[in-house]
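Take a look at this single chain in structure tokens; it is the form predicted on its own.
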Amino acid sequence: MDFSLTDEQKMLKESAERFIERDYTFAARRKLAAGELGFGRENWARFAELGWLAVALPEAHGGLGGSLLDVAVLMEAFGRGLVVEPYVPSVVLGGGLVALAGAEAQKDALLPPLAEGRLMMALAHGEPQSRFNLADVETTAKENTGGDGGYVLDGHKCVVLNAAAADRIVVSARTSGTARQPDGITLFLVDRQADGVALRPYATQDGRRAAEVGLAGVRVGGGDVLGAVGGGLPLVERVVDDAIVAVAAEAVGAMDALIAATREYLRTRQQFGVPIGDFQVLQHRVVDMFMACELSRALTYRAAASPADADAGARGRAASALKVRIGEAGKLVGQQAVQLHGAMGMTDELDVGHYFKRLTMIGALFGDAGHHLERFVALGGAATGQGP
């Protein structure tokens, strides 16, 4: 498979890397992460001006009609800069669901302002008991028999990324069936400030923002249903697989940055009158880090370049295989970088520990390696001769 970038993708890569190098210093990032929202509104507006928010959205609704490969190119640069702006929660998950399943009226209302940076989104799907099982949904949506019809939502969603900053939240709820039953899950567009929506925001270990979202008698209209009633699970699975590829590319960028920082430290730190980078045993460890990163990059771009119309099983196998490898590589590169930096590696003042935290969170985000190994086998990966 040819992984060479097009001229447009090269320009996207260069513009993102230039922004990170010039305007997104580690000190500026730390300041943003410590703020109330955990990111910069000015940066988000800049992303819109540069066209990054529109990359993967359809041209008919204000986007650029790009592919998942374009998103991966952008996310790799974001990983190098430890970018905290909520691109994946708002654009890949929220915007992806609207683009995938929204009615024309919903797309017209939501996608252009999303691409222009005037609207932010989030996906509220996970629940306290569900762990990584996307079919485990206990939040209910009961038909509202009085008034204007629609539905009434009740339940609790956990670890909802970007919930506090989102204008609209895509909420999954069960309109039929029992918990863990694949059928019967429906998606709804909910205003963050709607009556009955209660948020408890908090900072995550890697400097991002998430929230617990309570839903108590939240009323939504029939026009707020996203996609077919009862058919929400395949849609969530699709955008989560896309998000896995996106954060895998981010992890590759973070690993690249860690390897560069570690090499530089080994060249400057001296022991017995020579740079410690001259010690062969340490050179071998850096080579291991490099090989893990390059394998991760190859698998990421292979998954990102998969045809958009590939069947769900093939997409799921590719995403799960990638997630297993990214979890293993991120752990190896992060741990080696911290160890080779000595005690400095875990200080808050040095960026190495922050990269390691992000890689650790990516390892668990959307399912850890153990979960995805089981999913890979369940989807027939072993039978087809594919391997994570």
Partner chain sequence: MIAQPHRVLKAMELRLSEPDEAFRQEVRAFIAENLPADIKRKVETGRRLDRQDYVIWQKILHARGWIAPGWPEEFGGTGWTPIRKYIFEEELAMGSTPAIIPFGLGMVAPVIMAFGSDQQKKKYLPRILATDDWWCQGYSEPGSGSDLASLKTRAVADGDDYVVNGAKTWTTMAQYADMMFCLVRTSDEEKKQNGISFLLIDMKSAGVTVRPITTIDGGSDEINEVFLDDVRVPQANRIGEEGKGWTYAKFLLGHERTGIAAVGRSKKQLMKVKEIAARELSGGRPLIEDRRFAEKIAMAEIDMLALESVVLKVLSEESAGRPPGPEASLLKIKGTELQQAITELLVEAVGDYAHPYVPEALEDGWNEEPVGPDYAAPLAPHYFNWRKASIYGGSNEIQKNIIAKMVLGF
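None of the values given here were measured: they were computed from a predicted structure. Positions refer to the first chain, counted from 1.
The form predicted in complex with the partner chain is left out here; the points below concern that form.
**Q** Looking at 355 to 363, 38 to 46, 52 to 60, 65 to 73, which stretch has residues with any non-hydrogen atom within 4.5 Å of the partner chain in the model of the complex?
**A** Selected stretch: 355 to 363.
**Q** The partner chain is absent from this chain, but in the model of the complex, do Q181, A248 and F376 each have a non-hydrogen atom within 4.5 Å of it?
**A** No, the whole trio is out of contact, none within 4.5 Å by any heavy atom.
**Q** Does any heavy atom of G149 come within 4.5 Å of a heavy atom of the partner chain in the model of the complex?
**A** Judged by the heavy-atom cut-off of 4.5 Å, G149 is well away from the partner chain in the model of the complex.
**Q** Even though the partner isn't displayed, in the model of the complex is F290 close enough to the partner chain, meaning a heavy atom within 4.5 Å?
**A** Contact check for F290: no, nothing within 4.5 Å of the partner chain in the model of the complex.
**Q** Heavy atoms within 4.5 Å of the partner chain in the model of the complex: does I259 have any?
**A** So I259 does not count as contacting the partner chain.
**Q** Considering non-hydrogen atoms and a 4.5 Å limit, does the partner chain approach T175 in the model of the complex?
**A** No - in the model of the complex, heavy atoms of T175 and the partner chain never come within 4.5 Å of each other.
**Q** If you check V338, L32, A321, A329 against the partner chain in the model of the complex, which one has a heavy atom within 4.5 Å?
**A** Answer to the contact question: V338.
**Q** Would you kindly say which of V286, V159, L266, A135 lies with a heavy atom within 4.5 Å of the partner chain in the model of the complex?
**A** It is V159 that has a heavy atom within 4.5 Å of the partner.
**Q** Hey, which residues along 108 to 122 are within 4.5 angstroms of the partner chain in the model of the complex, non-hydrogen atoms only?
**A** Residues within 4.5 Å: none.
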